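There is one chain below, alone, in structure tokens, taken in the form predicted alone.
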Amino acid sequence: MSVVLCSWGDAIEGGTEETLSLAGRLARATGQELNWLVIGALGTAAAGIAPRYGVAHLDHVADGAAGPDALVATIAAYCAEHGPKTILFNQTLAARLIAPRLAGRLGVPVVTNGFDVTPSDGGLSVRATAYGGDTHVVYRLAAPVNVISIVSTTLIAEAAAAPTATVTRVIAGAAATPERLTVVSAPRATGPRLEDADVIVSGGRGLGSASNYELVKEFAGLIGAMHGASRAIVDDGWIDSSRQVGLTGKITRPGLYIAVGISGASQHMAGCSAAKTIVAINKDRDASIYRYARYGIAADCLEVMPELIKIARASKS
């Protein structure tokens, strides 16, 4: 019996080590071994991490395809052969698509947005966020096999008490699976990832127009931050979806998050509420963002941002 974390891609995703830490605690609490299934080019990087978190077997599918259908087929074949009892995902945007489909393929329960998993009455107790992060719920899972997607923003990576002698096993990929859907156009982000940023300045519809979003970009550049956006302005075409923060965008946990003209809807806050400090700039004193912000400027962001830019420029001269 085992707990397995599933990963794929060209690089280790942010939050993977935090999820491995949780997976290790669950494996030890249930008397199971912890395995890590990696698909694609992650083998070498994963081999350097796995022993620290008590991974017993690093199962590497080197020739695994990266399309959703191929990933589901590969992971399902692995589960049929190795029989893990708990199948975990680090909840990235891609994992939100794969985890439910895998559960459907296997005919087992799935829980997303989990942030803690513990044994309970012969099954599992999963704590998760609900309603866009506004509340927490507890799911009791009694099925023999369960799929759980973990939001790692509130977790801390804690190595196992002693490193393990991880055994790497080469696993054959599933037979080639033709993808039913083809992405003909996708957002392409270059440079640092929004999820890894320590300071983020995000803009929302309160900016009034796409041209005013340039204030957010300029200020972010002056203070060494990355610029983000609410879903509202992504949907309006102001900025590429690779910059979207929120439940259906990037899940971030910066040291400082500056929300400019953002109302603070629960879907947006699900992507930034783990920030150490949130600063809100919004002229609506009753805006939801002020429930989360440590500091606030209750004024028109179009008047505030030029002044902040002046200050930032002066500090650099």
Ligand SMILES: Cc1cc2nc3c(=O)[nH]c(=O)nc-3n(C[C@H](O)[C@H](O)[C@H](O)COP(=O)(O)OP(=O)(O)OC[C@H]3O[C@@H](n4cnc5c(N)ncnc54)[C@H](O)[C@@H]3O)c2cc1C
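Superpose the two forms; the largest set of C-alphas matching within 1.5 Å is the rigid core. So that there is no doubt, residue numbering starts at 1 and follows the sequence shown. Small disclaimer: the values here were computed from a predicted structure and weren't measured.
Keep in mind that the form predicted together with the named molecule is missing from the display, and what follows is about it.
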- Item | Heavy atom contact within 4.5 Å of the named molecule in the predicted complex, the stretch among 282-290, 49-57, 29-37, 66-74 | 282-290
- Can you pick the one in Ile223, Ala232, Leu106, Val110 that has a heavy atom within 4.5 Å of the named molecule in the predicted complex? Ala232
- Message: Test of understanding: in the predicted complex, would Arg127 fall inside 4.5 Å of the named molecule by heavy atoms?
- Response: no
- Should Lys217 be classed as touching the named molecule in the predicted complex when contacts are defined as heavy atoms within 4.5 Å? no
- Going by a heavy atom distance of 4.5 Å, is Cys301 a contact of the named molecule in the predicted complex? yes
- Task: Tell me, yes or no, whether Ile262 is in contact with the named molecule in the predicted complex, where a contact means a heavy atom of each within 4.5 Å.
- Result: yes
- Query: Within 4.5 Å of the named molecule in the predicted complex, do Gln91, Gly114 and Arg253 each have at least one heavy atom?
  - Reply: no
- Query: Within 218-255, which residues come within 4.5 Å of the named molecule in the predicted complex, counting heavy atoms only?
  - Reply: Ser230, Arg231, Ala232, Gln244, Val245, Gly246, Leu247, Thr248, Gly249
- Rigid core fitted, then: does Gly264 show a CA shift of 2 angstroms or greater between the shown form and the other one? yes
- Message: My question is whether Ile281 is one of the residues whose C-alpha shifts by 2 Å or more between the shown form and the other one, given a fit on the rigid core.
- Response: yes
- Item | Glu303: Cα shift of 2 Å or greater between the shown form and the other one (core-aligned) | yes
